[in-house]
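What follows is one chain in structure tokens, specifically the form predicted on its own.
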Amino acid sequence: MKLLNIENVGKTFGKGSGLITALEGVNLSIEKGSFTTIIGRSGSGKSTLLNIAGGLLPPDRGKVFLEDIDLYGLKDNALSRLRRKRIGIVFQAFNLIPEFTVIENICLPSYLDQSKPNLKFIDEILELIEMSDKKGKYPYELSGGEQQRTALARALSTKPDLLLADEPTGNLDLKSGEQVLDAIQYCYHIFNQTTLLVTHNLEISRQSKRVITLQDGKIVSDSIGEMI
């Protein structure tokens, strides 16, 4: 079953002689329950594609559907609500609120929707990613890996249909990066969480069953193998 459909998407930045084509005619479908990695060199369009898929950046042309919903056919408020409930996003920067504890940061999407956080499910996530003893800590009291695992828990807290991860290990040392990737993989297997991960690291891409390669804003390879 198709969860995400990206149809003939294009995106440019700048004007005149400074015009840059970030994406050109990209078509991509993501199956529900799949784990897909997008790779490519810096400037290939990976993050632009992920931001468009996540409802954060409107394309100049083309359509993006989450199941039968045209994301960019929605009004801003409706798109924001859908994004909070159905799309979880982990960025390279942790984007945690310094004044909030770990548990408060994780519950933020629910707070914004004025809904009750699913604390039982959140506790399950925290146990899986080995953060149960950090709930009352503040971001400055955490390592980089712990901050990113907190961001992952926040992204998963509403049981989103789609998890997007944009270079989630980019600001981490090797060991912390491996812990975050292990957490993403573990959550994928436990929750059957549809996951789309962007990276420039070929080693990371080998952990994914499906690997898509972007070059100059176009998909040049789409391969399926055995997931580690």
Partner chain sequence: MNFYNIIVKLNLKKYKKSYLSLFIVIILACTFTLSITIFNDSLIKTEEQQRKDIYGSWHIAVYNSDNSLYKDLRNHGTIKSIGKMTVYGSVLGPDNIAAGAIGSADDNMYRMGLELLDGRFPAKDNEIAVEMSYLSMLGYSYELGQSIQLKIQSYDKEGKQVKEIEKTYILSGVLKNYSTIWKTEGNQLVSFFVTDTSLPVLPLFENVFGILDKRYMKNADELVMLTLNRGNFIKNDYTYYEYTSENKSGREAFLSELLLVLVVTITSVFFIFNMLFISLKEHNKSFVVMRCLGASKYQISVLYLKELIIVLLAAFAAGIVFGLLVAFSGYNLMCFYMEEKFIFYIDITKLILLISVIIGIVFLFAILSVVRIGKMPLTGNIKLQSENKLYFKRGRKLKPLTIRRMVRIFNSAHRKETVVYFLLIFGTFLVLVSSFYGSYEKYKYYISIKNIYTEDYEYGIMSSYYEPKTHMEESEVEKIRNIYGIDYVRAYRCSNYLPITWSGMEESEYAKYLKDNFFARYAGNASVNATVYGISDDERDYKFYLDEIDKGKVSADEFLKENEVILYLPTFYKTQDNRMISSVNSTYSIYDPDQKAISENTIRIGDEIKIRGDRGEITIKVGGIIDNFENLNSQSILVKPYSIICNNNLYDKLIDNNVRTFEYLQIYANKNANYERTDVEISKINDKSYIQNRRIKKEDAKYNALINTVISLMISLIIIIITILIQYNNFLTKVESDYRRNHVLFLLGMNKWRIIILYLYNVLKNNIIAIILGFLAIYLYQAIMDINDFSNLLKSDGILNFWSYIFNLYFATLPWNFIGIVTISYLALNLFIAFYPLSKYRKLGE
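Positions refer to the first chain, counted from 1. Remember, predicted model here, so these are calculated numbers, not experimental data.
Although not depicted, the form predicted together with the partner chain is the subject of the following passage.
- Every residue in the set Glu99, Glu104 and Arg154 has a non-hydrogen atom no more than 4.5 Å from the partner chain in the predicted complex.
- Proximity of Glu127 to the partner chain in the predicted complex falls outside the 4.5 Å heavy atom cutoff.
- Contact check for Ser143: every heavy atom lies farther than 4.5 Å from the partner chain in the predicted complex.
- The partner chain is not shown here, and in the predicted complex it never comes within 4.5 Å of any heavy atom of Ser132.
- By the criterion of a heavy atom within 4.5 Å, Phe121 is excluded from the residues contacting the partner chain in the predicted complex.
- Taking a 4.5 Å heavy atom cutoff to the partner chain in the predicted complex, the contacting residues in 107-144 are Cys107, Leu108, Tyr111, Leu112, Gln114, Leu119, Gly136, Tyr138, Tyr140, Glu141.
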